[in-house]
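This document opens with one chain alone, in structure tokens, the form predicted alone.
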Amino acid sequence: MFKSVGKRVPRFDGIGHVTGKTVYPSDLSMPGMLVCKTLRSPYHCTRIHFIDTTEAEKVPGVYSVITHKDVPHNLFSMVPDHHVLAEDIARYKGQNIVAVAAVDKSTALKALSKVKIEMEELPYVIDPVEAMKEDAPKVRPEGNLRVFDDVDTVRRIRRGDVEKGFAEADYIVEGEYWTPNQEHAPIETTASLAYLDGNGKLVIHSKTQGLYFTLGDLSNVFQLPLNKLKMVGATIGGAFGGQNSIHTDHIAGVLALKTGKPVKFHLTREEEMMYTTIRSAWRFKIKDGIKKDGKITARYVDVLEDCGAYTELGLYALEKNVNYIGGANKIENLAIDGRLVYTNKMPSGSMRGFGVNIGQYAEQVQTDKLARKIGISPFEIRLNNAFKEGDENHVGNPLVAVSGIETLQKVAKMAGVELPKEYQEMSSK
């Protein structure tokens, strides 16, 4: 009856993977292709006083040496505040400052060693809690906290009266939870190949996960209309969210435009691990009010996201986090304060449900604490507070096709946990 459902179906690209015939962006090459390498900031925060590329340009086999002055538009990303090449200040260790296109890797590295650059190490801060203090080194001129809607440094979610809810509670339970930065560590490191085709269109073979997001972003960087830029997606050797951010496409593209030749920029494993976007570090402080019957009367969550030196996708992650951190619980009195903090670290990007699952870790551990406090099972505390069909979520959206209760009942059965009859008869409808 079914062609695929319930049957073993070979992956459409499986044969190429197991035979080694699959071509990844890092495998690509072209006749006359140049190699790109970059000079990066050795410090967490660096003032760049001057750059002299004269001697680097004289190295035989070097076709181009570029700084931020050579980039048509030097800002990129979803929130375009990240520099393609650092200008007066490099705000994190490993930020690109100078890029070279040469006939091979050794020539490119030799040219970078000839770059004369005067840098001054500046005070820095890498702890997000320290970064919020008034006397902390300024990561950005406007300060270390993101301002939302030009008004406030706190992204607020409010529902009901949280103080009233705490007053009605039999118990108050508090918890603090941290999650660390995390690197994606894909098997294939980031790579781009950029060149001009026969019609003068800039073509970039990219490892991006978001082809059309990248296309629009790079059109702005290169100051090219969309019909003069072509992004070619490829089989990706691992990404996990890390390739939603641009790491090599922009620099390879600028060098291809400058030289008129194909340019490949392929990160080493060290560069991939140390300098590309990472999963944010987060801190959550949760305060709950709960009654003896298991009803959550109030919840307050203080969210702190360590975004790194530039906004990248961190703002989107925070917006998602504060919308979901309340959990799958119907809580009438809820207050959430979210802060995005800048530190002198590599920018944060997306990774595996970024912003959402990180918050759910904290919320779920806190919910288990509530169950222990009043002496009921982890299943019962969740069933007591579960959303039902037609409820509004924490930001006022009506819920449809709700099945949280049925899911919990099924999981309990699979785990061999016999729920009390009243919970077995509950329904999300």
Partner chain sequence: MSKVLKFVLNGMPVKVVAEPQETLLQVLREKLSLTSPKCGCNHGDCGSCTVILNGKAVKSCMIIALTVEGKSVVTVDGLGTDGKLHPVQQAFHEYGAPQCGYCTPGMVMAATAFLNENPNPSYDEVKDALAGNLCRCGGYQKYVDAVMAVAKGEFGPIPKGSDVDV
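Positions refer to the first chain, counted from 1. Because the structure is predicted, anything quoted here is derived from the model rather than measured.
Keep in mind that the form predicted in complex with the partner chain is not shown, yet the notes after this line are about it.
- Message: Which residue, Pro262, Pro137, Gly294, Gly237, is the contact with the partner chain in the model of the complex, using a 4.5 Å heavy atom cutoff?
- Response: None of the others qualify; the residue that does is Gly237.
- Message: Give me the residue from Thr38, Ser26, Ser377, Thr67 that has a heavy atom within 4.5 Å of the partner chain in the model of the complex.
- Response: Flagged contact: Ser26.
- Message: Only one of these stretches, 139-147, 82-90, 182-190, 252-260, has heavy atoms within 4.5 Å of the partner chain in the model of the complex; which one is it?
- Response: Only one stretch passes the 4.5 Å heavy-atom test: 182-190.
- Item | Non-hydrogen atom contact Lys201 with the partner chain in the model of the complex at 4.5 angstroms | No - in the model of the complex, heavy atoms of Lys201 and the partner chain never come within 4.5 Å of each other.
- Query: Arg8: heavy atom within 4.5 Å of the partner chain in the model of the complex?
  - Reply: Yes, Arg8 is a contact residue.
- Query: Using heavy atoms and a 4.5 Å limit, would one call Pro420 a contact residue for the partner chain in the model of the complex?
  - Reply: Looking in the model of the complex, residue contacts with the partner chain do not include Pro420, since no heavy atom lies within 4.5 Å.
- Touches the partner chain in the model of the complex: Gly416 (any heavy atom, 4.5 Å): Output for Gly416 is no: heavy atoms all beyond 4.5 Å of the partner chain.
- Task: Quick one: name the residues from 319-357 with any non-hydrogen atom within 4.5 angstroms of the partner chain in the model of the complex.
- Result: Residues within 4.5 Å: Met351, Arg352.
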